[in-house]
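Single chain ahead, written as C-alpha cells, the form predicted on its own.
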Amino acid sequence: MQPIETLHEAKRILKICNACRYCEGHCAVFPAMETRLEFQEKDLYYLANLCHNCGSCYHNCQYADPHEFQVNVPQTFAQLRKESYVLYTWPNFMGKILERNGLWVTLVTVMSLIIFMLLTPILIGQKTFLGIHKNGFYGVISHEIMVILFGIVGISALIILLISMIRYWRAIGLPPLWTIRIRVIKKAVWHALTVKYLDGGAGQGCTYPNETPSLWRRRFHHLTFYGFLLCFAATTTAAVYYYLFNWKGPYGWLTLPKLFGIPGGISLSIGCAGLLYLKWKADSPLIASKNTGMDIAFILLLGLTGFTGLTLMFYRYVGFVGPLLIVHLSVVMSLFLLAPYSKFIHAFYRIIALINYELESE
C-alpha cells in the first residue's frame, strides 16, 4: 500500500471507529481520536505513533475481518508509523534506508565487519591482533582510538535523531518545548518508561503472538529497554572513571561499569531473544508485513550488541580477543550508524506523541 493509500485507509477506519467508540477505554488512541471530527495527515501520524500495537482493539472489534468494513487499526497504524519515520527523517534522501531497513542493516554490519577485520591486523600487527593481553581488549585497540571513532559517529547520529524529532514535533503541531509544563512531560515519559499501553487496556497484555492476551511482550520490552539503559550507564561510568579519576580499564567485577554492564548485557540479550521469538511465533493480522524486516533487523542488532559485549567481557584474556572485539565493534558501529534510520527512532516519536496526548488531556 502506497503512503497516500495508507492515509486514505486510516481516515476510512477512524471514521468508523469514531462512530462506534466501543474501544474508547482500551488505550490513549481512542480518547485522542474522539476529539477530532476530521483527520488531517498530522493527526494520523500522531495517532499512529501513539498506538502501541497491543491488538486489543482489533480482537474486540465487531467490524474487523471477516466483516465487510475490514477495520484493522493496529496494522494500518503500523504502516503509518514506518511512513512517518521515512517522512520526517533527515536528510530526506536517507529515508530510502528505512524503506529497506533489513537489507541496509545487513549490508552495513557486514561491511563494518570486513573493514575492521581487514584494517585492524594491518594497523596493529597480526601478533598483537591475535595475542593475549594483560589488559584485555584494551591491548588490541586503545581506549582513545575507540572513543574518537565511536564518539564522532555517535554525536553525528544524535544530531540527526534530534533534527528528525524536531521535524516530527513540529509536524504534529506541538507548541515549543519550553512552553509545556514539566508535569506533562514527566507523565508522558513515565508512561513510555513503563510501557503503560502494552497492557491491552485491562492489564491482561497484548494479543500477540496470537489472540490470547499475554504480558510477555511487555516484559520483553522492559528487559530490552532497561538492558540498553544499563549498558549505556556502564559505558558512561567507564568514561567517568577514565577521564575524571584516571582509572584505566579493564575494571574489576565489583566496579560500576561491570555492575551495570553485566546485568545490562544479559537483560538486553534475553529481551531481544524474547521479542524475536514472539515475532517468529506470530500469526497475527496486526502485523504490517512491510515492517517485518525493519523490526527483526533492529532487534537482532540490539541483541547482538548485548551478547557480543558479554562474550568479549568473559573472554577478554584469550588469544582470540582481537576477533571478538572486532565483531562487537562492528555490531556497535552499525547500531550507531543506523540508529537514526532504523526503528530506534520509534521510541522518541512515541514519547513525543505521548506528550501531545497528555497536553490535549489537560
Partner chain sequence: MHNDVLVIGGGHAGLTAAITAAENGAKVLLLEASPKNMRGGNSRHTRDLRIMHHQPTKVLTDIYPAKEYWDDLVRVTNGQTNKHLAYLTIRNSANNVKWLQQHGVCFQPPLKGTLQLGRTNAFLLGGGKAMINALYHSAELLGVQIRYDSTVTMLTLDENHFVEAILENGQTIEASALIVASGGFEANREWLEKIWGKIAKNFIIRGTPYNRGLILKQLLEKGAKQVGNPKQCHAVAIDGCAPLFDGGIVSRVDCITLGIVVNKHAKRFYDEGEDLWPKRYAIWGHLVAQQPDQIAYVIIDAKSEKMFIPSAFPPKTANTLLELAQKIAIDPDALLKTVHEYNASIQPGTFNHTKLDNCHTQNLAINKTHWARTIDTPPFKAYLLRPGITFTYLGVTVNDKAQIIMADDQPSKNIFAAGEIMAGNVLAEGYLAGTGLTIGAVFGRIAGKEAAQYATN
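Please read these numbers as outputs of a predicted model, since none were measured by experiment. Positions refer to the first chain, counted from 1.
Same protein, other form: the form predicted in complex with its partner chain, not shown, and the subject of what follows.
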Which listed residue (154, 201, 121, 95) meets the criterion of a heavy atom within 4.5 Å of its partner chain in the predicted bound form? 201
Would you kindly say which of 311, 40, 70, 60 lies with a heavy atom within 4.5 Å of its partner chain in the predicted bound form? 60
Interface stretch in the predicted bound form with its partner chain - options 105 to 113, 201 to 209, 183 to 191, 165 to 173, non-hydrogen atom within 4.5 Å: 201 to 209
Determine whether any heavy atom of residue 16 comes within 4.5 Å of a heavy atom of its partner chain in the predicted bound form, and answer yes or no. yes
Consider residue 26 of the chain shown here, and say whether it contacts its partner chain in the predicted bound form, taking contact as heavy atoms within 4.5 Å. yes
With a cut-off of 4.5 Å between heavy atoms, is residue 20 one of the residues that contacts its partner chain in the predicted bound form? yes
